[in-house]
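Two forms, one chain: they're shown below as structure tokens, one block per form, named structure 1 and structure 2.
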Structure 1
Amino acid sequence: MSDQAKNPPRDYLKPPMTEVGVLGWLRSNLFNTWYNSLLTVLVALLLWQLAPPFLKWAFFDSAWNTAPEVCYESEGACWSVVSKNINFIIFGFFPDGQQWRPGLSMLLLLGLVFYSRDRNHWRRSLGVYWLIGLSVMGTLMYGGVFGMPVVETAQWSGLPLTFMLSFFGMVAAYPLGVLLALGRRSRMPAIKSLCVIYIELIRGVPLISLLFMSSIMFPLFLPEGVTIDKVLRAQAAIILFTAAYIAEVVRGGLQAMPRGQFEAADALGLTYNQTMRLIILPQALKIVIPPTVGILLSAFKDTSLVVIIALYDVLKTTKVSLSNPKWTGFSTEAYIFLAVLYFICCYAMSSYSRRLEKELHTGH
């Protein structure tokens, strides 16, 4: 025994080649059983069949910034339909020569969003920055000062409209949704039933019906001579719709709060407002971050539905570009471009939410 302990074996046995490194990984992840091997081979064959033609179509044979005539002759994708119409797709009917204004506004918005990502920046001053930023954006878009000609809201279209509808849709729907959730959990029967009716009614109908309501029914509600901008009406419909969904998510969070939290707050002599603001909501809203982000993402995607009531969001401007006889037949490419655009926005939001969830996690 002691001899062996003094003289450890010189050459260590290496693990078998088939268990480590690339080979080992392949074996344990792709070929661990006979049916997994079969599956791997089948899927790889399928990919081999599909990927090269797609890459050839999308990259090698494609036309990137050419006249439509070139596209008719080429076998590949015609990305020119996007690059040649990019101004209209992004800015819509915003007057030529003024398009730097929505461009700058969007950059400002992205900058603010990027700045707000860091939780160290979540101070009172951040609210002030947002207020300043939003008023600068509004001024830039509307104009009328510093020699910028006025651009009516009817001409706001394309990506700025999409961003505007979704940004205000999310920002206004969230507090409204929290209020509705609190109302639904309230002990006052009148408040509770009003909130229940509202939430269930809205959640039971498609967003389109609300958009129709805003576009054809709402004008009937207003007294004679009063008109409200079409964009604003659609915005209101999106807010009201999203709020009902947020309310249900937040209610889930409220229900998950143990009774002890309410009782402890009562014992401390906190009022209802204090209890909610200091004890319940911070915890409840935190645990529902993942579903809330899901709702906000759907709100962002659902802004595309305004196409149906003929608002010119980025999907509609794309469709208009495609209706140009020169460019008909290249819808696939344009829609793929839009899909990538939406995907990037949604993916950024959902990965940020995952990070936030991790940062706010205080469990033990």
Structure 2
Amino acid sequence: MSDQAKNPPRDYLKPPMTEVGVLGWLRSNLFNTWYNSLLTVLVALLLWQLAPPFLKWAFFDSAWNTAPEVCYESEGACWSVVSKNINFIIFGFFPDGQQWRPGLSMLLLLGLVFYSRDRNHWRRSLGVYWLIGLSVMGTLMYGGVFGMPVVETAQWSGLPLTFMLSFFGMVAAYPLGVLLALGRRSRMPAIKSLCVIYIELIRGVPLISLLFMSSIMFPLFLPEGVTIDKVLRAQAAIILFTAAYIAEVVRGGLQAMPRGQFEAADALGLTYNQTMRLIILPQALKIVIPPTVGILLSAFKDTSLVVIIALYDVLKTTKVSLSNPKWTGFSTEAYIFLAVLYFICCYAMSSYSRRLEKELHTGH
């Protein structure tokens, strides 16, 4: 027998079946220790007891697009409360027959976000695309041209308002937070003091108080006859609030930079702006991606607080739909729908942040 037959190549030596594939994953993740095995068995028994009744209630015995009377006779979930009120839940008080405009605006916004996910598209032309897209979205929402009737911002509600407040709030708050973080670490006492006062003052009050001030107190300081749109005031409050928290996260990333990075920049003769733009900020912003995303996710969910200043986001439009006596008693289904909607948006943001963090990881 040849030596090759006695000693087969490594390529032909496969690992045991219990170490790879599904069995290997189960063994390494669910049954690797005795207490993990016990916990896995207990969770499986719990799911065995809870999953069948839930599936029966949510799917098999449920009503999906029926009249309210049918839901009262059914033992399952009444998803009809969502399907029958979906237009109002999504678009709120936007006029009937014109709801294609906010729908198209949301599709355009999501398309730009999806296109911007690829780092290969991060060029100057991307900014031009965003300016064009924002102009088109603003025109669609407000109207007044091309035969579209004017829709005042007081009628902007539902999911488009939630997307607008959250997305533009996050986009505008991030660079403002970076500037505040740089100002707080500045060697100029005046700039540093102003940034510290702003950050600590904003972080010391809840978002609700800022929304109340923007809606009720701020107009009192304006000259007579001068008004600022309520949506714009709410947007400014969200931006200022989120920026203060981002500033502290970015400051932590700046403090984590080794002193040698600054010394190397000085040795190369780089100016302060060049040092921050080319060396310090790219590294600092990379290491604070997880906490930054956490703040942005909180900002997305906190947009539901605008209901206290009479702005009808998607949560408020859902509550209004439930105020109809025909749908009394089916709030569980409506709030489950909202939870799934928020989860999809938050999970998409979290997934992209993990992918971006992995792409930017250099092993240091």
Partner chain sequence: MSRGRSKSPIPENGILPSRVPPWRDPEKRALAFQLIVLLLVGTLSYILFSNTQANLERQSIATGFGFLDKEAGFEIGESLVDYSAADNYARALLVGALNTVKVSFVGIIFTIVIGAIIGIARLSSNWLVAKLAAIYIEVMQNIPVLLQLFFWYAIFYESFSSPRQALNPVSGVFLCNRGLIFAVPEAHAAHAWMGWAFLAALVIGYGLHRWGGKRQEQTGRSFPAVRIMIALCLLLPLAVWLGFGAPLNWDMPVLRGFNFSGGVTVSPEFSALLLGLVLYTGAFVAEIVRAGIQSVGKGQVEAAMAIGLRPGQVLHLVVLPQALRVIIPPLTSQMLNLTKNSSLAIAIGYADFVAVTNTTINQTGQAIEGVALIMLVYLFFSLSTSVFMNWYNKKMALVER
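Counting starts at 1 with the first residue of structure 1 and goes up one by one along its sequence. Here, rigid core means the biggest group of C-alpha atoms that superpose within 1.5 Å across both forms. Please read these numbers as outputs of a predicted model, since none were measured by experiment.
**Student:** Kindly point out the structure, among the two, that is the form predicted in complex with the partner chain.
**Tutor:** Comparing the pair, one sees that structure 1 is the form predicted in complex with the partner chain and the remaining one is not.
**Student:** Cα of G147 displaced 2 Å or more between structure 1 and structure 2, core superposed?
**Tutor:** False for G147: its C-alpha shift is below 2 Å.
**Student:** Could you tell me whether the Cα atom of W64 shifts by at least 2 Å between structure 1 and structure 2 after core superposition?
**Tutor:** After core superposition, the displacement of the W64 C-alpha between structure 1 and structure 2 stays below 2 Å, so no.
**Student:** For the rigid-body motion of this chain between structure 1 and structure 2, what is the smaller part's rotation angle in degrees?
**Tutor:** That works out to a rotation of 16 degrees.
**Student:** Give the C-alpha shift of G269 between structure 1 and structure 2, in Å, after superposing the two forms on their rigid core.
**Tutor:** It moves 2.6 Å at the C-alpha.
**Student:** Align on the rigid core first, then pass along the CA displacement of N36 between structure 1 and structure 2 in angstrom.
**Tutor:** Displacement of the C-alpha, rigid core superposed: 5.1 Å.
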